[in-house]
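Listed next as structure tokens is one chain, alone, in the form predicted on its own.
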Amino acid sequence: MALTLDLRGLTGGVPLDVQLTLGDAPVALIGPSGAGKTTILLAILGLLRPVQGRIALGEQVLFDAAAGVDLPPELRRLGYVPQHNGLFPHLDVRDNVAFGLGCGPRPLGKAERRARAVAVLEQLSLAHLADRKPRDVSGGEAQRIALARAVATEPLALLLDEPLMALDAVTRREVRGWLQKVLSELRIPALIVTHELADAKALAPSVAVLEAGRVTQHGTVAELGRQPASAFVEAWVDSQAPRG
């Protein structure tokens, strides 16, 4: 299954002209601040409406401006991890993971939601945290829980917005390795917004560069390093390259 994007015109105040197709391997999305990275995620989710364009997930059209199609977010079968995890502080971990299971075309009852949440937590080795509140878990655990909530609904694609940004260096490496394993097992389209070369290289076989609302380059980290298409790409690769 592929996630196909054709986003054009002003979206959330950002002018977009983006054509991108994601298969079953993750794609990292990088770019300077204000380039439109988070805007693209919100447009895919259905939280921002592009002026023109089309978004499709396999055979399902999520948005088509010309045809007047605009599925509501709860019907799009997408998993989303926002910056800073977005966990609900008043709910325990189990109910945070269960939250999205009460929405969508086939909402589950409370008992079914909680059972499914526990199963996902067990699958991701997080079951021991089920009764805790978000304030009682570490930063790395919170990021894992946020991903558990995103995958609990069995999404057809994943959208991750700087999923490792708030973590210290040691925890970042640990969660990065865990996330890499989860993504490889899921094998669904995944778009990962990041600023870090190490995260992009570890989590995604390819990188899309977004500048001023346009994809200016798409390739592996090595290809970007060998033939940078812009001053931004050259500076991004050089600034994060290991020093002797």
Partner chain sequence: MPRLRQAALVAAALLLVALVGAPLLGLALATSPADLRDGLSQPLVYQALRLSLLTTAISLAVTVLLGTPLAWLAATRHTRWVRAAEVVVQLPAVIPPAVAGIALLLAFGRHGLLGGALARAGLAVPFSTAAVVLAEVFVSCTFYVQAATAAFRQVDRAHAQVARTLRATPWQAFAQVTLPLALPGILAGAAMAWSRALGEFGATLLFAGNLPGRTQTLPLAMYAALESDVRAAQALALVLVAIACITLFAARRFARSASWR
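Residue numbers count along the first chain shown, from 1. Predicted model, so just to flag it, every value in this text is computed and none were measured.
In what follows, reference is made to the form predicted in complex with its partner chain, a form of this protein that is not presented.
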Worksheet item: Given that its partner chain is left out here, which of Glu112, Asp168, Glu74, Glu174 has a heavy atom within 4.5 Å of it in the predicted bound form?
Response: Glu74
Fill in: The single option of Ala56, Val182, Leu45, Ala198 touching its partner chain in the predicted bound form, heavy atom within 4.5 Å
Leu45
Worksheet item: Quick one: which of 45-53, 28-36, 213-221, 184-192 gets within 4.5 Å of its partner chain in the predicted bound form, going by heavy atoms?
Response: 45-53
Discussion item. Under a 4.5 Å heavy atom criterion, is Ala117 part of the interface with its partner chain in the predicted bound form?
Written reply: no
Worksheet item: Is Pro82 a contact residue for its partner chain in the predicted bound form, using a 4.5 Å heavy atom cut-off?
Response: yes
Worksheet entry | Partner proximity in the predicted bound form: Leu121 to its partner chain, non-hydrogen atom cutoff 4.5 Å | no
Discussion item. How about Leu87 - does it come within 4.5 Å of its partner chain in the predicted bound form, if we only consider non-hydrogen atoms?
Written reply: yes
Discussion item. Taking its partner chain in the predicted bound form, would Leu78, Phe99 and Lys133 all count as contacting it (heavy atom within 4.5 Å)?
Written reply: yes
